[in-house]
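The chain that follows stands alone, in the form predicted on its own, written as structure tokens.
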Amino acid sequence: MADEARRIDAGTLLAEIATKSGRPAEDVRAALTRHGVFFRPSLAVPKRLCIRSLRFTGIKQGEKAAGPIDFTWNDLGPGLWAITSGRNLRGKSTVLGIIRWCLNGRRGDAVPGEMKEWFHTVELGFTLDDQGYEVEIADAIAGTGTLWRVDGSTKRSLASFASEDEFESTMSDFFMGQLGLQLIVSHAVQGDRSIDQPHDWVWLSGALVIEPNPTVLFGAVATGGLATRMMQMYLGVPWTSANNDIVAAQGRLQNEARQTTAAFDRTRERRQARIKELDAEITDLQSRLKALPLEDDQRAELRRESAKFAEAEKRRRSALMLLASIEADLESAKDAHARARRDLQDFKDSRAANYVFRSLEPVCCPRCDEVFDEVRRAETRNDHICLVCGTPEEPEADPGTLEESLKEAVADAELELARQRQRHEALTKTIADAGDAMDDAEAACRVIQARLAAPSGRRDVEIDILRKQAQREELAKEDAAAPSPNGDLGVLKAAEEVTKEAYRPLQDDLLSEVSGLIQDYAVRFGVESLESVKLLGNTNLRLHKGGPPVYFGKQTAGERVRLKVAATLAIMKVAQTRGLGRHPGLLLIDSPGANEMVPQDFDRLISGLAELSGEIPHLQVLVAAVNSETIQNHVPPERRRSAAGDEYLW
């Protein structure tokens, strides 16, 4: 099965990805290149790292045990080695820390900060397979030094470093190249930022260390699937680097898509709010425009008002022409009325006068004073003649009929006078009304003419409406143009599926073998209740201990130390058996008995490590622990560097 997996080449993988994604092979190759994904066949041939010597000098500071430092440990080789002291805090962990510092170039937490200026020079000799190398830190405080290649008594400089950063970079480049390791990039999101986090030798070298209270089975970090990447890298599973780059690229694109969508949603809210504002502004402007008069309407209104003026003027002119005639008729009616009234009054006055004169009885002539006797009076009375002048008296007409006729004449004259007055009043009112209508029409014309002469502002409002409608249309188009997913995601998803299918058979096969060895080694290390072990592809370690399955993270600190050592050694053993894998075979175990490990279990761990050191010839294990019978029984004196009682190791 493993052989079948190895026969899959990069060309076959690209062809399968093209088929699965439905994209031409050239498109697939271009998409993968854009995202830094390359299917490079790299055979995971293990190289064996072995510490050969360690020396460091300096001056120990402080009130206790101050003085010069000159630590030398030569002639190291494969097998189990121990760094012990009679008490804690005597420098055991610092020795392991200095070895890690020299190997990965980062001082970090391996060397306590208060000791930074204690060390002046450090030299670490090591071999990769049979080739010798030496890290020489000439100035430990400044971080300057040289990486040497050692051939017998000859040393050749491979690289020099002048700072701590250069030191770290030098060692990373060296071991990544020598061990065939590949940079692992994980993708993370911090706030609004999308970040690619490269993981090189500093992180990968964590597989060489077993800390006192491990929380993950491989390395020191469990986030983002990094432990799985590390396990695959050291197992020698093919195409895992490409798969890691694919996963990182997908995370990068997915995060970019999330950020783009989030940004689009934020701008959409602002756009929609602005569209609402524009709708309201356009409605308001349209209302204002509707209220503004049209020029044609104003001219039509001007014509209507001019026509009103002309019509009123005509009515007034006609009325004025008729007025003289009506006034003449009125004056005639007045005269007629006055005459009728005078006639009636004259009649009344005359009748009253006749009555007076006719009733007079003169006694003599008023001119000659002749006296009239009774006879004359009787005769003139009977003859109806005047007593004075003898003129016969005319018979008097019917006065009642005459008076009634005169009264009727007066009444008729009054009626005519009233009718003429009404005509005059009506005509006068017509003239006045026509004059008012002329004034009103003239005033309206002046207003309209003034409006026509002044700028209306209508054009400005129309332009403003058009401008805002154009803005709204553009915003609506942007709102409809939702971001589309990156087309490369489909290629990357297909690539991940194809790649996993390519390496999964070999990985399952390797994990099955590693699982069996973990159980074997863990039982040797004292986890006797362990019935079965299964190392899953995500680095979860599922255990059966006489009940339901339990997992690595739920074990005690002491059990986790033993399980982690067992898992790391199992990977080394499989690499040795199969001739593949990348773990260099060095293990630095710090204080394994410090947490919840009883002496019997500590004894089983150390004895098991001693046994396995014989079974895995290239394995080198350095254990830092408090001096005990267990160490003395399983680690020969020449393989120990010890400090007795209250002594310090350096």
Partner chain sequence: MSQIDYRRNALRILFILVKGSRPAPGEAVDGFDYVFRGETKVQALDFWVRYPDYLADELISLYERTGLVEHLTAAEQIFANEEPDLRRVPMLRLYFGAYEPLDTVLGYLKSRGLILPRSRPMETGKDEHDFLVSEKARELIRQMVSKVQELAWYDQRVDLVLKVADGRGGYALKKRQHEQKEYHDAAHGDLIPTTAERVRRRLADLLGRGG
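Positions refer to the first chain, counted from 1. In this text, rigid core is short for the largest set of C-alphas that superpose within 1.5 Å between two forms. The shown structure was predicted, so the numbers you read here are calculated from the model rather than taken from an experiment.
FYI, the form predicted together with its partner chain isn't displayed, but the following is about it.
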Study note, to complete from the structure: The stretch from 130 to 138, 144 to 152, 489 to 497, 359 to 367 that lies within 4.5 Å of its partner chain in the predicted bound form, judged by heavy atoms, is 359 to 367
Practice item. Although its partner chain is absent from this view, report whether Q345 comes within 4.5 Å of it in the predicted bound form, heavy atoms only. Key: yes
Check your understanding: Would E295 count as touching its partner chain in the predicted bound form under a 4.5 Å heavy atom rule?
Key -> no
Review point. H120 near its partner chain in the predicted bound form, any heavy atom under 4.5 Å?
Key: no
Check your understanding: Would R341 sit within 4.5 Å of its partner chain in the predicted bound form, counting heavy atoms only?
Key -> yes
Exercise for review: Check each of D109, D75, D349, D373 and return the one that places a heavy atom within 4.5 angstroms of its partner chain in the predicted bound form.
Suggested key: D349
**Study point:** Contacting member of S532, Q254, N354, T577, with respect to its partner chain in the predicted bound form [4.5 Å, heavy atom]
**Key:** N354
Practice item. Inspect the rigid-core superposition and answer whether the C-alpha of P362 shifts by 2 angstroms or more between the shown form and the other one. Key: yes
Point to revise | Post core alignment: F372 C-alpha displaced by 2 Å or more between the shown form and the other one | key: yes
Practice item. Answer yes if the Cα of F347 shifts by 2 angstroms or more between the shown form and the other one on a rigid-core superposition, and no otherwise. Key: yes
